[in-house]
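What follows is a single chain, given as structure tokens, in the form predicted on its own.
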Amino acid sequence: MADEVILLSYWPSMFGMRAMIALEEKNIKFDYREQDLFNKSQILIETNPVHKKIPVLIHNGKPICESLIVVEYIDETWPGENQLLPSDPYQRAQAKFWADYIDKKVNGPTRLIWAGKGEEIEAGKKEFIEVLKTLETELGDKTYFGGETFGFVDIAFIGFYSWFDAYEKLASFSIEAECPKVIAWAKRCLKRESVAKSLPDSDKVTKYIPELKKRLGIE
């Protein structure tokens, strides 16, 4: 009997993109169910009653929540193809550290850029550039964050790339001018079918932001 795999997500969410990329990397067939986060479905409320957020992976009726936990679950459940986390305990710990860094450091300043005003946008831009430079130092001259192998940290970060165009337009700066290695890495990631299929068009994200702000009551 084939596994039943359902993914509850929301197309502009870089956290939802993580789960999609991981599933695509493993060549897992899944039923994608788009969610309206402003009118939450019964299945979302039932499968993630604590946070009521996406992504939720439902595997044979059992829900798994929180994007990085979902990616790790996918890697452990379908270990045969394209290992996402290193098997070496130290390298695994390092990968989890950098994915956690991305979770803690990227969303705050980028939200200031797209949802803030005036000085908030400038503060967000400055902080975001500092975070990118830290990530660029970690990346160094490697192909991917884990070396030659696309994996956990790349999946944790690449979804934000679909928002880069919006950040640049809203805050009037060039990410490539500030952090060229990050952009070169992102372009390498986009050559992977799993990433190309999972990331929305940047222009679509940029055009959606005014609607998102309106729905959030941000003027």
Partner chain sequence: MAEEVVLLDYWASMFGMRVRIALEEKGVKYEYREEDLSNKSPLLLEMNPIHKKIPVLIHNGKPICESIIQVQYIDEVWPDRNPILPSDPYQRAQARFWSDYIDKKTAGPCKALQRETGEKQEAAKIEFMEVLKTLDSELGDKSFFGGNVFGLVDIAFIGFYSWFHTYEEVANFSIVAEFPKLIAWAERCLKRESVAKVLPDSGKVLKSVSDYRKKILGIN
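Numbering follows the first chain given and starts at 1. Note that the coordinates shown come from a computational prediction; the quantities given were computed from them, not determined experimentally.
The same protein also exists as the form predicted in complex with the partner chain; that form is not shown, yet it is the one meant from here on.
The listed set E148, E119, E76, E81 contains one residue whose heavy atoms approach the partner chain in the predicted bound form to within 4.5 Å, identified as E76. Look at 164-172, 184-192, 62-70, 22-30: in the predicted bound form, residues with non-hydrogen atoms within 4.5 angstroms of the partner chain sit in 62-70. The closest heavy atom approach of T143 to the partner chain in the predicted bound form falls outside 4.5 Å. Using a 4.5 angstroms threshold between heavy atoms, D100 counts as touching the partner chain in the predicted bound form.
Using a 4.5 Å cutoff between non-hydrogen atoms, A177 does not count as a contact of the partner chain in the predicted bound form.
Put simply, Q94 is close to the partner chain in the predicted bound form: some heavy atom of it is within 4.5 Å. Proximity of P89, K104 and T134 to the partner chain in the predicted bound form is complete: all three residues have a non-hydrogen atom within 4.5 angstroms.
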